[in-house]
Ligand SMILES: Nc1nc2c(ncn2[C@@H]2O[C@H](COP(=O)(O)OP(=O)(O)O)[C@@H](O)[C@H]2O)c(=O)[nH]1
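The chain below stands alone and is given in structure tokens; this is the form predicted on its own.
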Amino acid sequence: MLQKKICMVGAFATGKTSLVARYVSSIFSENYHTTVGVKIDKKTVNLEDRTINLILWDLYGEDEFQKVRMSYLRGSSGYLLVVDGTRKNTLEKAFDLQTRVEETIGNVPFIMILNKWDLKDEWEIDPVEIDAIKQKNWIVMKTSAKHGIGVAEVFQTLAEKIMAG
């Protein structure tokens, strides 16, 4: 069976761990736990005529005190760039991380996730900014790990992009 490594990349507290937990185990916890290092999960997906094991590397979030170790990205077939829609500074961090990831592992498929869509009244990222990101030919998807909105679709879409690549 094919295995594909996917990394979750983003600033701290954007919901990377919650997205993986929702996708792999259909659970959501209100408790915030900082990821230390990397947490690895596995989920099998079916794409048309193939079954693929996605190996999900949930990397600790980047902040002003710690940078993501780019060595964790080696062997990745794709990644999810996670932004917290309620914290505009996480979008700037995502742009920085995307550049560094591409310098490290090259041009592999990725999707920018605007997470916490259930809190859209508190959003700091406006539609004009989202349109500008889409102009770069980036796939941008909105999710809510809390309610499961868009979560399975994001992983499915990335798996399809990886296999089409």
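Worth saying up front: this structure is predicted, and the values here are computed from it rather than measured. All residue numbers are counted from 1 along the displayed sequence.
As for the form predicted together with this ligand, it is not shown, yet the points below apply to it.
In summary, the region of this chain contacting this ligand in the model of the complex, judged by heavy atoms within 4.5 Å and restricted to 63-71, 29-37, 98-106, 125-133, corresponds to 29-37. Although the partner is absent here, residue 41 lies well away from this ligand in the model of the complex, with no heavy atom inside 4.5 Å. Shown alone here, residue 13 lies within 4.5 Å of this ligand in the model of the complex, counting heavy atoms only. When contacts are judged by a 4.5 Å heavy atom cut-off, residue 142 does not count as touching this ligand in the model of the complex. Among heavy atoms of residue 119, some come within 4.5 Å of this ligand in the model of the complex.
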